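This document starts with one chain, in the form predicted on its own, laid out as structure tokens.
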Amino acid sequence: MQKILLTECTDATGLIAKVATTCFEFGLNIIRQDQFATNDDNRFFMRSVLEGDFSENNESKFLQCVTAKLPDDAKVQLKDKAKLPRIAVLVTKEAHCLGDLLIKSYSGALHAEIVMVAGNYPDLGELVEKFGIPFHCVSHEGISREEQEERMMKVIDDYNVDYIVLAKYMRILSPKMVAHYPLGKLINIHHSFLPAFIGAKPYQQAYDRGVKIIGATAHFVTDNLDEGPIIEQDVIKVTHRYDASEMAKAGRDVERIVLLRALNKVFDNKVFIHGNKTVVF
């Protein structure tokens, strides 16, 4: 069996050796290891793929032993490499990101199980149901934003999901809804190369500025609109011949590619949140 050991603590000499020695003492083989230390605040991050005996008693003792050898502020987690996270996907009307996730999940290219999809319009329900996945329409029409979000959170929470993916969910979440979930659980795809063109109509903003590249950014959601820790970004070239609608059409491919890359990195436990930044292995 393989598991992933995630370590974060104050940087110090000998940390890698201490973890490796403990693995040896418990008969665990290190298949892969990645580490990084920051210069500005002296933080250490490490992701180790381990193989060996992870019976309940052995796992508990191993974690206790590793933690005891590290600085007092150490955060140590052991994740099951094979376990598929349960995810909910929130959508509005655009199908390209959702469709890509459905196909990738069906084919096994997305390391997660999509257990439900919810939208504020019914438009994508037929697509979702073709994959045998429940779809919920939680309309925003005729009710306050607060009431719509309460209904949406109730639907999401009924499925006990690990992550919530905003796949072109074109609604700004209130601070109350953001605070309802721990940092790192909400993941958004924004159709611009952040921090440029935050907020609504980024392709129109890009066109108005005459940019020569457009991009997409996957990030964790915080109270600050489109300013959460960035997970993945990419760009494509455009020219003066593109108007805003043509930029949007061209940008759909980069949006779905960036979202898939980001999600697989998160689901493979390759992303540490560090303040308003990330460490991505």
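All residue numbers are counted from 1 along the displayed sequence. Because the structure is a prediction, the values reported are computed rather than measured.
There is another form of this protein, the form predicted together with another copy of the chain, and it is not shown here; the text below is about that form.
If contact means a heavy atom within 4.5 Å, which one of 149-157, 94-102, 165-173, 72-80 is the stretch that engages another copy of the chain in the predicted bound form? In the other structure, the partner sits against 94-102.
Would you say all of 116, 120 and 137 touch another copy of the chain in the predicted bound form, counting a heavy atom within 4.5 Å as a touch? No: none of 116, 120 and 137 comes within 4.5 Å of another copy of the chain in the predicted bound form.
Using 4.5 Å between non-hydrogen atoms, is residue 221 touching another copy of the chain in the predicted bound form? Output for residue 221 is no: heavy atoms all beyond 4.5 Å of another copy of the chain.
Although another copy of the chain is absent from this view, report whether residue 7 comes within 4.5 Å of it in the predicted bound form, heavy atoms only. No - in the predicted bound form, heavy atoms of residue 7 and another copy of the chain never come within 4.5 Å of each other.
At the 4.5 Å heavy atom threshold, is residue 195 in contact with another copy of the chain in the predicted bound form? Looking in the predicted bound form, residue contacts with another copy of the chain include residue 195, since a heavy atom lies within 4.5 Å.
Counting only non-hydrogen atoms and a 4.5 angstroms cut-off, does residue 58 reach another copy of the chain in the predicted bound form? It does not: once another copy of the chain is placed as it appears in the predicted bound form, residue 58 has no heavy atom within 4.5 Å of it.
Can you list, in sequence order, the residues from 242-281 that come within 4.5 Å of another copy of the chain in the predicted bound form, counting heavy atoms only? The stretch 242-281, when checked against another copy of the chain in the predicted bound form, contributes 243, 253, 256, 257, 260, 261, 276, 277, 278, 279, 280, 281 at the 4.5 Å heavy-atom cut-off.
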